[in-house]
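First comes one chain, alone, set out as structure tokens in the form predicted alone.
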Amino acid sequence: MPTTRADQHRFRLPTLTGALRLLPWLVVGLLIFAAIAAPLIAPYDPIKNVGSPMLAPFSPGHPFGTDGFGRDQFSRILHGLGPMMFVSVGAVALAVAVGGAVGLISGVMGGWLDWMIMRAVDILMSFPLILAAILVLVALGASTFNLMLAVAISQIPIFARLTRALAAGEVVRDYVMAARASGFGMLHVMVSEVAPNILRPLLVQATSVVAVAALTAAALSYLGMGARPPEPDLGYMVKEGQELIFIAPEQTILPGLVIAIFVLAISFCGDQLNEREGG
């Protein structure tokens, strides 16, 4: 039987949809590669004047032009990707480890210990994320590593509460009851029984939180609490370019666009993982 035009469109639709769903993963992969390979593919030193005029326009030698100090903007953006990803991914990894451990203990042990831990988490969650991070940075000082710690501390209560909810749902299941009836201690129940069964939804949620962490890190860097100038930092580059917004708007638009692309791509990746987990 010959294939009609309607059938052909119906056959092509899944292929197009699949390509669109793959696009965020390709974008994230490309940005990760660019961040890792920045020292190799960046044409200039990101912190030195390259001998070109200040605020030079786009050209083959300077695809994104130069900044107000005559530094190659393309090289600075490439090197700025690394700190953004280190802060966002590192902060979420640390928050999952610490918050996950706290929430696991709370959900499995229950009782007065659960009540005390959750009240402490509630107190931490009453602070706005950005304010909690600022307080940590004021105490520790501004640097990329301290920025990662600050963002991680602001995210720990979120993962503690999520893990507690997941663990509390698992601890009443038959396989946990059987393990406890067999004489296994609470440490074995937490590590060998409950933790493996809540790890997957926890990691899926962590993927979505990376986008929030990246925005928080960019906002703090914009306030001057990230990498020390002249080290390239995308959030602070937006701040530097703001003073030149009417003369050279690309100084703000380009680093801001890179942040937006990363946040959107990782958000779409998290949505797809959530859909797969839920469906």
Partner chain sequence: MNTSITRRQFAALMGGTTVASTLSLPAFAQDGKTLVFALPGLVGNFEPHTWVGFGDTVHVMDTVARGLTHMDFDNPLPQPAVAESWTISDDGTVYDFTIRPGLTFHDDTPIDAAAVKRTFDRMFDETDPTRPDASFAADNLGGANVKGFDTPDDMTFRIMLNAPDAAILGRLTRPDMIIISPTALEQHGKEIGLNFVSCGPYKISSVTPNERAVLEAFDNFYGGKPAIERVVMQVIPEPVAQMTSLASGDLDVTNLIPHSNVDRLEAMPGIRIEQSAAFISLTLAMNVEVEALSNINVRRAVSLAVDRQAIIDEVFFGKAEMPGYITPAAEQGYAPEHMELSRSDTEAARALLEEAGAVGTELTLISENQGFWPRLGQVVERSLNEAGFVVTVEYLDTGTFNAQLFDKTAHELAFVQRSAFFPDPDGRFSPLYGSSTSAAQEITAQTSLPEQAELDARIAAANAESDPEARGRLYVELNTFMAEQMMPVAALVNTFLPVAVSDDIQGVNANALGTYRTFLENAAPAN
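Numbering follows the first chain given and starts at 1. Computed from a predicted model, the values in this text were never measured in an experiment.
Beyond what is shown, the protein has a form predicted together with the partner chain; the following relates to that form.
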query	finding
Contact flag, A165 vs the partner chain in the model of the complex, heavy atom cut 4.5 Å	no
Contact of E243 with the partner chain in the model of the complex (heavy atom, 4.5 Å)	yes
4.5 angstroms heavy atom contact with the partner chain in the model of the complex for Y44	no
P229, heavy atom within 4.5 angstroms of the partner chain in the model of the complex	yes
Contacting member of L113, L187, A97, V138, with respect to the partner chain in the model of the complex [4.5 Å, heavy atom]	V138
Contacting member of P63, P39, G68, G29, with respect to the partner chain in the model of the complex [4.5 Å, heavy atom]	G68
